[in-house]
Structure formats: C-alpha cells, structure tokens
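Here we start with a single chain on its own, the form predicted alone, put down as structure tokens.
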Amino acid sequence: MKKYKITLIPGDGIGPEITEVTKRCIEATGVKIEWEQCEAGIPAIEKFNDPLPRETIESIRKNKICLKGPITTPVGTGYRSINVALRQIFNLYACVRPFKVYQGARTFYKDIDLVIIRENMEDLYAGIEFEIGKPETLEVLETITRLSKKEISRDSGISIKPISISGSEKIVRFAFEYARKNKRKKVTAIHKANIMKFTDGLFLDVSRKIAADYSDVEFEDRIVDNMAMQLVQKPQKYDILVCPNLYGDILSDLCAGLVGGLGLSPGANYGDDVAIFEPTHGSAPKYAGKNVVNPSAQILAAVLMLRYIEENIAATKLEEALAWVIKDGKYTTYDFMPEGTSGKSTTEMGEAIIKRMVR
C-alpha cells in the first residue's frame, strides 16, 4: 500500500483538538500517511519568534501537500494572515470551497450543493497597502490626484486592487476544468463590473472569453450584491461561483450560513504543484482546550485532501461516515443541537465517525 508524506500544521486555538480528531479519522480509512508536523501562528511565535518559520515553509515545499488547522490572525495590528502568506508563497491561486447541506445540520435549507472557486493572489488581498500619514502614502495620494484629477483626503489609508488578464484567465479556466472533472453543469462569474469597470470589468470580460471554450458548461454572470440576495432566496439554482478574491471570501461566509455554519465549511488551496487543505473557520481561542468544537470542517478538508491524492474510496468512506453521524444526531457537538442544548465532545464525535467507518 502506498504511503504518503504530508505536512501537518495543527494551528492554534481549537486547531490542535480538531486536527488530532481528523488524524484519527484519516487513519481509520486505512490510508497510510507519515505526518511531518510543523508550527505556524501563536505556537510558532512562542517557539521560533516567527509566526511562519522557515522550517514550516520548507516542509510544505518538499512534501507538496499540507493539512492545516485554523490559525489566529490579529485584527488591525500584529502579523498579517498566515493563510494569505502561505497562498502567496506557494502561488496557491485557486481556493475551492464546497458547500453542501448534510441532513441533520441546523439550517432552513435543503438540497444545496455548490462550490465557490475564489481567486487567491490578486484583488485587495494582494496586500498592497499604504499606511495613513507615511511619506510613501502621501506620494501615492499625490500621484493619484495628478493622474485621475480626483482629490483624496490626506488622512486616508490606501489599498490597491490589482486584477490582471493572466490571473483572471487562470482562475476562470480552473473553474471550468473543475466543472468538467466533477460533472458540474454551470459556472457563474461574480463581479461588480457596473461600478469597477477596469478591474471587475476586466474579470468579467476574461470570464466571457474563457467560457466560449467550454460550450458543454453553462455560463452566466451576476453582480456580487445581487448574488448575495440570490443565494439567500434560491441557492439551489447555482452550481459553481467563480469570484475575485474579496467577493469569494465574503460569499463563502454567506454560503456557510446556508448549510449550517463555518463548522461545515472546508477549503482547499491549489497551485501548480502544492496544495493546502484547511477548515475555513477561525481558531476560536475562547473554546481552546474545552473539547466541545465541531471538527466537521477539518474532517471535510481531509476528504478534499484524500480526493486530491486520488484516495477516492477512502474519501467517500470518510464523508459518508461523517454524514451518517450528523444525520443520526446522537454524537454531534453543540452547534448541531437546538439552541442552548449541549452536545457531545469533539472527541466523542470523532469516535462515532471512526466507529461508523470500521463497523
């Protein structure tokens, strides 16, 4: 039997707990993995005085595959997002986030099965920012005023929104190829081209041109604010949404709300030769060490990882076991229960999933 060497980053907050349960679930599928455990975020600062140590980067570069737990990102100050940094270091240009209703989840919806494919490298998340009051910021403001004839208040911070033809072509083509490979029927391009004509307008123009190469897949486009309404009213009409970076992030959380929360929302980040799999929720430090948090998003990220390494039987086995436990409802965590009702522990839910697989 083949054995895989994969980088494992437990993360911080609730990360180590849900990662340990996920490891045990993967082992129960029978797939053989040698984990190379590395640190990032708060544990890495404590150990290396660096939120993203060189050892962690080199492990991912060598192994090409990483399963990662959630990592705390300070709000407003401190180090920038480790998630964004990893995507940029390894050119993980495509973020894939599937959203599916599992019977037993707390949601008003049913029959949702859609995928957001988000461009990861450009847009406002490119991290090109100029801090208020700095000399270089004033220089940028003066340049903008000179070129655009529009005055910007001198007490402004500036973020730059780059969207390129090459980046747009890459993510839109990825979306159509994903549709073909996974027998999906429709791709919807998301934009605000009615207002941002030279950035979102470019993304829309590229999307239309790429769509012409895929006559077997239906194509349409939606303005992002209208798309938010459409997803709340009739999400079953949509299949794959291909989005610039910021819109993909925002709509991902909306879709998570449709299917029962971020605890059921995994993510995969793909480059040409490296892939990182993770839950899309945060590190929830107030729940750290309490053994009460839903591990489903991390387990579903492992399902995506197993499919990536073409262990499809194991992936289906794990996903079906998780779906059965959610539907059964006897061994789920508090967020599956009626409001104010306590549920089982993270560990107990993991054990129920394993028991279902090895029965």
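When you see a residue number, it is the position in the sequence shown, counting from 1. It should be emphasised that the depicted structure is a prediction, and the values quoted were computed from it without experimental measurement.
Keep in mind that the form predicted together with a small molecule is not shown, yet the notes after this line are about it.
- Contact annotation for L262: at least one heavy atom lies within 4.5 Å of the small molecule in the model of the complex.
- With a 4.5 Å cutoff on heavy atoms, D335 counts as touching the small molecule in the model of the complex.
- Residue contact check for G104: none of its heavy atoms lie within 4.5 Å of the small molecule in the model of the complex.
- At a distance threshold of 4.5 angstroms between non-hydrogen atoms, I171 is out of contact with the small molecule in the model of the complex.
- This chain appears without its partner; in the model of the complex, the one residue of G271, P285, G257, G201 with a heavy atom within 4.5 Å of the small molecule is P285.
- Interface residue among Q230, T145, S164, T73, judged by heavy atoms within 4.5 Å of the small molecule in the model of the complex: T73.
- Comment: 293-301 is the region of 293-301, 57-65, 312-320, 24-32 lying near the small molecule in the model of the complex, near meaning a non-hydrogen atom within 4.5 Å.
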